[in-house]
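First comes one chain, alone, set out as structure tokens in the form predicted alone.
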């Protein structure tokens, strides 16, 4: 196991967002986390990526406790999540957005914009990722002017620019057309193989995407793991169908 969470509990005052969540991720896995609104998915992502420290329990990466160490330090160790820099810096071009991610990986955050202009390694690393995600011809286009599908691709690409061992994506296909969703997922999977990503974890609401790409699905409900297994087992679990998946699973 390269990533493990044991007995995660997260309290916000008296509200319990996570209640004893445990999971383990192995090399080569594509794992989807699903659940209704309020199930604890976002909190789990934030705990796994070091944004939040759990109230109890621990997150270990390659046998090292990384609970609450922060996303920047965790990215340098090998776990990255999508930056969503398109929303943070909409006037940056595609290339500048990817350069910002590379700068973060190299630990140049304190001189971000100087590094974008002056560092050859940063530029070359960003160009490589842009080409890998089919964004090379749009490298000088400001992010705000990209179609929604390309904005999503850029968001995902910024996480890949960190060269992680594990990548964690929060709804990588939300807000785009069905055709764009498939294109994004195919590009994501292909890119992960090309640069050696060992595991992908995604939070996703689109059940076609979840069942079409996952090796394993973890269903959350009320801060607890309701089920954890391969797609066929999840689809056959009436508790998950009734609580999380609903009518879409019955129609499959």
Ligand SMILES: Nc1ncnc2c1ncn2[C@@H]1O[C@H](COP(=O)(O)OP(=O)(O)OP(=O)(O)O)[C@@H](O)[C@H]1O
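Just so it is clear, the model here is predicted, and its values are computed rather than measured. Residue numbers count along the first chain shown, from 1.
FYI, the form predicted in complex with the named molecule isn't displayed, but the following is about it.
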Per-stretch contact check against the named molecule in the model of the complex, the hit in 186-194, 63-71, 35-43, 210-218 (non-hydrogen atom, 4.5 angstroms): 35-43
4.5 Å heavy atom contact, residue 234 and the named molecule in the model of the complex: no
Interface membership of residue 171, the named molecule in the model of the complex, 4.5 Å heavy atom rule: yes
Heavy atom of residue 17 within 4.5 Å of the named molecule in the model of the complex: yes
Contact flag, residue 205 vs the named molecule in the model of the complex, heavy atom cut 4.5 Å: yes
Within 132-164, the residues that have a heavy atom no more than 4.5 Å from the named molecule in the model of the complex: none
